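Below sits a lone chain in structure tokens, taken as the form predicted alone.
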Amino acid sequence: MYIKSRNLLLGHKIAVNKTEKYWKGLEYGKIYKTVCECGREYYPPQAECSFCRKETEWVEIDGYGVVETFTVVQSVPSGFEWIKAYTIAIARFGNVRVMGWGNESVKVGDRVRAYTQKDESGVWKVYFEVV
């Protein structure tokens, strides 16, 4: 037996002082990862390496990736009411995996180009285009 709960809308602030370059980069069509001199790479970017604790360097992700997995979200959460369903994919770009929004035709193994775009709510996101 279940009873229906009330809808909750949660808002939160994300501290971005150490990752501001990433968020600003999206506005200029750039997608960044971070790279440590020990060789580790991070996406989402991290200002410090998790292993050696050194500061990392910002490097733009470009070129093409390959879709490794995806899911179609049919039950749209609060805050995404302007869409009915959406596809989230993860694609490998070199040594990092990038999460982005895809279209309904994306599938594992597709070669994709990542780009940035502002959504209907004004948030900049990473999107994939199958090439």
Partner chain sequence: MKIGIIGVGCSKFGVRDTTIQELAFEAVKEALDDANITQDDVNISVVGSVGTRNYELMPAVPVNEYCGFSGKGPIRVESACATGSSAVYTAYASIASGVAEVAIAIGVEKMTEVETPVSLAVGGRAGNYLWEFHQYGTTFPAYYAMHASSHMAKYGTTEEQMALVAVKAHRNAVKNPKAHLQKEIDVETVLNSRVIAYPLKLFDCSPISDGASAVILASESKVKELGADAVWIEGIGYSSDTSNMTRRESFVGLKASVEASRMAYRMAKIDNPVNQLDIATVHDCFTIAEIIAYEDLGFCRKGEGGRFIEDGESDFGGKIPVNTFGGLKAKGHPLAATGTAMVYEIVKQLREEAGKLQAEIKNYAGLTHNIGGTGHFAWVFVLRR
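Superpose the two forms; the largest set of C-alphas matching within 1.5 Å is the rigid core. Predicted, not measured: the structure shown is a model, and the values here were computed from it. Numbering follows the first chain given and starts at 1.
Not pictured, yet referred to below: the form predicted in complex with its partner chain.
Heavy atoms of C52 never reach within 4.5 Å of its partner chain in the model of the complex, leaving it off the interface. Within this chain, E27 is remote from the site of its partner chain in the model of the complex, having no heavy atom within 4.5 Å.
Not displayed here, its partner chain is approached by I88 to within 4.5 Å at the level of heavy atoms in the model of the complex. Taking the partner from elsewhere, V98 is found to have a heavy atom lying within 4.5 Å of its partner chain in the model of the complex. For the options P44, G39, G63, G94, the one in contact with its partner chain in the model of the complex, meaning a heavy atom within 4.5 Å, is P44. Along 47-72, a non-hydrogen atom within 4.5 Å of its partner chain in the model of the complex is carried by E68, T69, F70, T71, V72, in order along the sequence. For G109, the Cα coordinates differ by under 2 angstroms between the shown form and the other one after the core has been superposed.
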